[in-house]
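The structure tokens that follow cover one protein chain in two forms, given apart as structure 1 and structure 2.
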Structure 1
Amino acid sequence: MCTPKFILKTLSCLVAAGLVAACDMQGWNNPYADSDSGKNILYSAFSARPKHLDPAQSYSANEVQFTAQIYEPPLQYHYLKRPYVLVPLVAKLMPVPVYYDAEGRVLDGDADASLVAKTVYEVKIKPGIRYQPHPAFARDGDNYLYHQLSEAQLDDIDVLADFKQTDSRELIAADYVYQIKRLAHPKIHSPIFGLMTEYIDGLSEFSTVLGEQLGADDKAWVDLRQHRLAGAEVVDRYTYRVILKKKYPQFRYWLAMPFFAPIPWEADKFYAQPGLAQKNITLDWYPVGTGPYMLTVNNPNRKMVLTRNPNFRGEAYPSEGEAGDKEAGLLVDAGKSMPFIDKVVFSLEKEAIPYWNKFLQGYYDSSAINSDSFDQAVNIGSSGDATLTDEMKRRGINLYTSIATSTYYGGFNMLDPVVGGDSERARLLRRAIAIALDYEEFISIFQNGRGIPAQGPIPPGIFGYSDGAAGINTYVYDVIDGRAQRKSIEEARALLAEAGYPDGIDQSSGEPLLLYYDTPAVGPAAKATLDWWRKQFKKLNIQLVIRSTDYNRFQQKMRDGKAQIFSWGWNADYPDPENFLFLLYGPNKKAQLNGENAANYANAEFDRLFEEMKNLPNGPKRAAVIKQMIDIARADGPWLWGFHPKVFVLQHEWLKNTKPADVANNTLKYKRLDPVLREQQRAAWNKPILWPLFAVLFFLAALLVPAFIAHKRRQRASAISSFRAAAER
């Protein structure tokens, strides 16, 4: 009988049974298959689906995290050495550029750039390297099995893994040349095509020829082997040349990017077949590489899986690093064959909170720290040092910090009649504002201390950056005991008065000085930051008007040179000072010239030194030129200098061989993990707790009891009243 007593008894039994069951249960919240427990698998995530995995197209960080593990350009960055050092990856040796003048005579390595008419990079690759297994290589005798797919064959195909046969072949120099030609393909839209046409001989003309060949049939496959590109040629099976139109020492860095990785013509032809694109089977989504990993699950809507490439030749873990690496355990695996991890699972995780919680449960092996969880993870000491909280230490989590090869800065539009230009009045105004804008406070409030105030455009770790007192920007800071201390606001006010704006009043008009800050930041989330900006200007009694627009309009304003004061940022393409100083190079202006010089700064002497600096090898001479350039920029003050962000990464103790490498991307092969320890920790951290569940059930049952009693009473009442009513009748 269904009485309250019976319900209580039943629930008690259920609770007891549940508790007994729970004693032996764990991992209810495990998001992965039970069969993967204890395996040598690294778990990571991606927050936005990659747009392109074609090495000719992919450029974003969330794309390169996949392509860099699959594709192998000729060079790579040394994993442990800092500043970053290029070393051969597939190349046998580091290619040495050979310079020629207009008459074809060989010039010295340090030849003046104006004399150089041609630069040749000859790359020799290692023999015996093989591609990952792929259906594009599958053959039946002389014929490729899947190069002429019929309708019937296509019907059985949904994903690449549905092709039954796969094969491989040796990597040859022609594959690198093929890829360089692909950069010019009119249908690929490589983001570096425009840049490379300035350097690679004949690239622009090659693109025109391909466009004509394609004609109306833009889906047709063009065999790029049949078309000659002056700037890329095969010398022999394992050697190729890249020919540049001028001196461009930074080209070696591009040779470490997936843009210059090999593509076999077989893959290009295979993917160009009609019908495959409708199934999203394209080279843009199914890479074919020689690297340590291959993409075996490609569902950008949910999960991407990299699996060890069975044909990978094996590469030795570095045997030397920088000071402290040995003590940090980073040389324990020296000389051992990589990769160490069998599989890497990337799950789509759009929101930071679930990612963070899963990291704490041991279901992700590493995590960045967002603002919401910063205090839970890190303590910042009075000296600015970051240490882990006790909770993180208890879990055996390690903290890795590094200064990113990036700079976030405020800028003045140098075309603006008030803050821009070369007049002393404008220069003093900019200097006063640069002092007033307290980036130390900004970093503390909005970055949780994750950043260092910038003294110039070049971040630490890049050649040309000066540490200590020598590197301090004395226009904004005083040097006290060898350390930078922001100049006083009184000094800023004095500069403002000298500029003709005493106490923020324009002497010429008698009106208060009104300045404009252009930003794409809108909405409540941006309010605190924008208030901070107003407050900084208020110190000088300058009224700052915030002009917020959407991102596209803001970009348009910047291109039109109509912004006045703005914030901007730059992440390095490669670790060379040229890649930062060109942000202030006159011919690189954003307004009119569509370059990356957002402040539209132009100084003839700076530009001349830039031309000199970009062709110099790293050394005292280059360092001196860079110092001169930075001094000029500091004096002119087109930037508010801003800060270089600090990257904080947390990792569980079972993940080994971690060294932050902001510029290098092919870092998965170096990582090693201890899956046994991970399994033990996960089990300890994730035991299901059932009693609250049963407590809720009890509570609901308790709520039902009075309702049940009231119902019975009402039923009885209805019967009695019915009986009475009938009796009365």
Structure 2
Amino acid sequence: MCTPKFILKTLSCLVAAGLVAACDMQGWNNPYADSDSGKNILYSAFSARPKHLDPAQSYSANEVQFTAQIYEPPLQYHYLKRPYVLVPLVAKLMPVPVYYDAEGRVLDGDADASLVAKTVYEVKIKPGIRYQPHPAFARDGDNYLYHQLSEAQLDDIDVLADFKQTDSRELIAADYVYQIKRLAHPKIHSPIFGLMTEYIDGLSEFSTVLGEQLGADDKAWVDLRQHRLAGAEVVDRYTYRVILKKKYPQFRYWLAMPFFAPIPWEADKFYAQPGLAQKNITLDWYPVGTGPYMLTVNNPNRKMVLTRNPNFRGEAYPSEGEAGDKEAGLLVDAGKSMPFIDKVVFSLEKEAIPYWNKFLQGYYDSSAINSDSFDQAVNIGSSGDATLTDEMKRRGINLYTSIATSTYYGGFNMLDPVVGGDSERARLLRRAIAIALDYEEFISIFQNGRGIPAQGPIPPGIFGYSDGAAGINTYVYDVIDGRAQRKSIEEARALLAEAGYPDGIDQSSGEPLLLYYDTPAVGPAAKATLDWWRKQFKKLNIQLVIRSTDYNRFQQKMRDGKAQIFSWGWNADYPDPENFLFLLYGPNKKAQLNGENAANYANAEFDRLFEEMKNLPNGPKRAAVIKQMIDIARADGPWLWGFHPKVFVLQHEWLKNTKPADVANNTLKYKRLDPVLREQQRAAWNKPILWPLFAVLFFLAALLVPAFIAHKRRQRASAISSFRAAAER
């Protein structure tokens, strides 16, 4: 029965709920803890947990966003200067290579590579640098607390934070040598081991010795301090040498990568203990570095958190850059101590739309632009210039664009009997397909115009790239008024006929030409792209069969040299043309040799010029050699040339000191936040819409009030009836 007491109580609860909602809904959709409001925390996201955070193994972009903030190699790239310039990070000075001939005599710095029998890089590091707090360093006197864990201790440990004591120590030169030795460890499988054996003296032999010592027990810890490596030696507490077997000017770029960051032996021993790997307490999950940040939370199903390293020495923000940096506000913090941000929270976001919506609400500080949100964010003018939409401008959002130091390309397997080889017939076939494959259309449809068609392997911003008419690939394009215009499909068909495939028919067999595109792209999301590929070949009346498979099988097919036509890509490891031209270097074939020459291209003259080019300093001579190499590759056509992507990034106005830096990765320390402005904007953009709630309350009240009145009337009528009945008695 609905009593007055119940009705009054219900009405009171509804009103109270409405008042609470009105007073307490400012952060109604905030995905973060209220206690973090207004704090100096940067918010970003990740879509998949990094597989490796061990600097000897890590080699992916989604990993380096973490490792580059934690580990410190000797060198880094200047944050503001372009072209990219190497500067000391932990090193006191820039190391200068010293060259020796076979008799041990010192050679001039510009000595011919054929005369160099040894190159020595001597690195002096700054004293007083300390590691982040970590249980591997914890000691009681001379004894390490956690280097011999008992089963009882392991039972109480689930994550690294469960270790109650931590400590630190000073960074020393021996830590860098220790990490170089780790590159050769058979258990680690460093992706650069094969390349480095070509240069670092004794690295291959060192790996063999370690393998013999490990034997069948590959889980045993080997104290690498006890094994000598000829190519890496400690000089004194703050100095070490790297000895190369030949001249390799590009080695200085490797000294700016996490592969050559220090690892303390204490951490190596600590993580090697039985039982820790089963709990994911490994160097792959919990790095140990001297950088401005340390990883304090690694929850792959939710979030990863970088927190300011309390032992970080501080580093001054750059005081100079390039033209326009001061006007862009990039020198406001010149000379101030970094890092500026206390914590960086990376939340798991598997889908682009939720990420985008949270960015618009102010809950992420920056965002890329996917195809679904492109028109909402950016206008492309008739001249191709990108500007923000009015909605983005009203929110104070900034747009940063750059052409990535990357190349995405289609390729031919040069080992294939139809599309490969150095016969004129195969060369003409490849050229015809390269003309027909309209990458301008691809960029427009699938990249929202974010890219420029590639004329060769080297992207803009890297020495050897030629802009304008001089850089046009005239095998695929005509030069019209100094600009590239793709050759007509009629020219492509004529080349196809000259190759012996008129109208897509193989003259030698009378059968239609059937080609195969191998790809890891599968599922509905890939359908549009694969249909586009079929359409391009259809222009030449060539039947294209799509052979889709999972990524692992596709990789194996590429290693076995069994793919025919494929798509591939390369992001610069370092800003040097060698890092792109080696993608066509014969001894770097993917098939058999497991290199990065995915097309398995081999041209003796190209290879000879590559050997000459890689040891030359940037200048007219090197530029001329590079031009010769690119001309050879264009004529042979092992690639479909593809495009260089444009990077579009949106950023809220409260995030400062942003400059696109594709090659530099340790950039979080330069960023600065205005948390007060962010909090104000979040409040303005996320005001709760309360009228539906009050409408519901009004509707419920409209239902309950008449019931209350009717009930009171019934009570009054009942009381009157009772009174009359009593009076009559």
Partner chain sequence: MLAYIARRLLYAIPILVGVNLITFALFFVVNSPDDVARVHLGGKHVTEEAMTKWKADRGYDKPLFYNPDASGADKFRETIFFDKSARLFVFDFGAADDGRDIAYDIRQRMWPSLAIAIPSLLVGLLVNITIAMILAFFRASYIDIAGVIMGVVLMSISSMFYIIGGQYLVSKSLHLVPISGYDDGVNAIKFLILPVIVGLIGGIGSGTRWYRTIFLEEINRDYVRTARAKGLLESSVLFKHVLKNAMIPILTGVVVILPILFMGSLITESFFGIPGLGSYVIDAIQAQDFAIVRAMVFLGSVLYIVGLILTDISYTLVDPRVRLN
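If you superpose the two forms and keep the largest set of C-alpha atoms that fall within 1.5 Å, you have the rigid core. Numbering runs along the sequence of structure 1, starting at 1. These figures come from a predicted structure and were not determined experimentally.
- Between the two renderings of this chain, the form predicted alone is found in structure 2; structure 1 comes from elsewhere.
- After superposition on the rigid core, displacement of the C-alpha of Ala602 between structure 1 and structure 2 amounts to 2 Å or more.
- Superposition of the core reveals a Cα shift of less than 2 Å for Ile200 between structure 1 and structure 2.
- Ala525: CA moves 2 Å or more between structure 1 and structure 2 after rigid-core fitting.
- Relative to the superposed rigid core, Pro620 shifts its CA by 3.2 Å between structure 1 and structure 2.
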